[in-house]
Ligand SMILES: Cc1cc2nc3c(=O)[nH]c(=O)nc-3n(C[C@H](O)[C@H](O)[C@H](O)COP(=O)(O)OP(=O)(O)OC[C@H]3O[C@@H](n4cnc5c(N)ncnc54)[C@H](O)[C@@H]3O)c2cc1C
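The form predicted on its own is given below as one chain in structure tokens.
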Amino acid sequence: MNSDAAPSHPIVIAGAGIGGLTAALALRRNGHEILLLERAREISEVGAGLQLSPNACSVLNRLGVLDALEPYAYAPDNLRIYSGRSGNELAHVPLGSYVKSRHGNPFWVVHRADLQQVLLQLVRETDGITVQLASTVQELGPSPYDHLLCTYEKEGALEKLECRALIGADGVWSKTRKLVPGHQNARFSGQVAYRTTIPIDKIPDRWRGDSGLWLHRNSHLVHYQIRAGKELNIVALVQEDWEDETWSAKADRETLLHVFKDWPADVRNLIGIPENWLKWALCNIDATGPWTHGHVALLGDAAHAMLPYMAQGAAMAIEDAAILAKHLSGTTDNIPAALRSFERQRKSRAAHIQGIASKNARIFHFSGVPAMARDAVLKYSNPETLTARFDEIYGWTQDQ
């Protein structure tokens, strides 16, 4: 439902990204009225690709999202790992049917915009969820009935309503996070991601099929097909002194080619194909910090933005949404206690995976002897053993 009239005593969700939309669907299943506020005047996502591992797909499957998303998804059979110095393949990690049989849900790669639009369509088809654009929370105060009095700006005018809770799903640069005492601002990691997509018919055959991960000194490259295989998503991650509080900014291709000047020729040729690149500063937010305060809770990047070196940012937001709904049943009376329980259950997992991502950031960018040792370990590793290393992440379900 997309209405101008706010529901009575809803749960308010700030942010209509992947985490906010998933939370709206999950909480509505428990009978809550939902008011979803999005500061943009139009919900659109210029983003790039993202990886949906089985842990994320298990949640989306329960919400009825996977069937609608499948026409836009691509399921690579393997992740192939290469040396960015020599160009040689070091190892491969079985995905595809192997991961699905192991964990019961697929490993898909999709365009972020496709996932967001599928979620948004389901939200708009669901009675009890109201979406209001060009709207931001301005102030919170207590009400006489143990609710929040929420003041929000809608298209320049201030409106007030009583709500049961405020969920901040408004990303790395969250405004809701300022309502949680002791919060930490996002910290720039010193690394930048360049991204682009290319129509699949514009690239040589060698770049099609399996996903790829290339490792080099202070940089690495990831590529995989999205949009049912019709486009190739490329992400180049490098150490760079650059910072911007935006999702993306235009990037100079020649600058990127200079960074990759000592990479194999076919990689440089691939990077040279697209004319348009975007880049964003990679930031993180300490997952061990506070997520909740009274009737306010954070989820996804607002609570624990992490580096993309485990490809779990979107998955963690999706998991958060499922566990939040698990603690906020339709009969929950003590909202603050339920939100604290949500935080306790989620914090250790988010912090653990955040730590893995930070460790991978160092390992991926090794040089010299450490890089040689890393490459040797990969070269002599059993492929199925490499996949099994992800079991604790991919095998998660909301029933645990």
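For every residue, the number given is its place in the sequence shown, counted from 1. All values reported here derive from a predicted model rather than from experimental measurement.
Separately, the form predicted in complex with the ligand exists; it is not shown, and the next lines address it.
Segments offered: 100 to 108, 80 to 88, 254 to 262, 165 to 173. Contacting the ligand in the predicted complex at heavy atom distances within 4.5 Å is 165 to 173. Using a 4.5 Å cutoff between non-hydrogen atoms, residue 234 does not count as a contact of the ligand in the predicted complex. Residue 212 falls outside the set of residues with a heavy atom inside 4.5 Å of the ligand in the predicted complex.
Residue 137 belongs to the set of residues with a heavy atom inside 4.5 Å of the ligand in the predicted complex. Not displayed here, the ligand is kept clear of residue 350 by more than 4.5 Å at the level of heavy atoms in the predicted complex. Residue in contact with the ligand in the predicted complex (any heavy atom within 4.5 Å), chosen from 375, 33, 343, 38: 38.
Of the candidates 293, 195, 223, 227, 195 is the one whose heavy atoms come within 4.5 Å of the ligand in the predicted complex; the others do not. Annotation for 17 to 39: interface residues with the ligand in the predicted complex are 17, 18, 19, 20, 37, 38, 39 [heavy atom within 4.5 Å].
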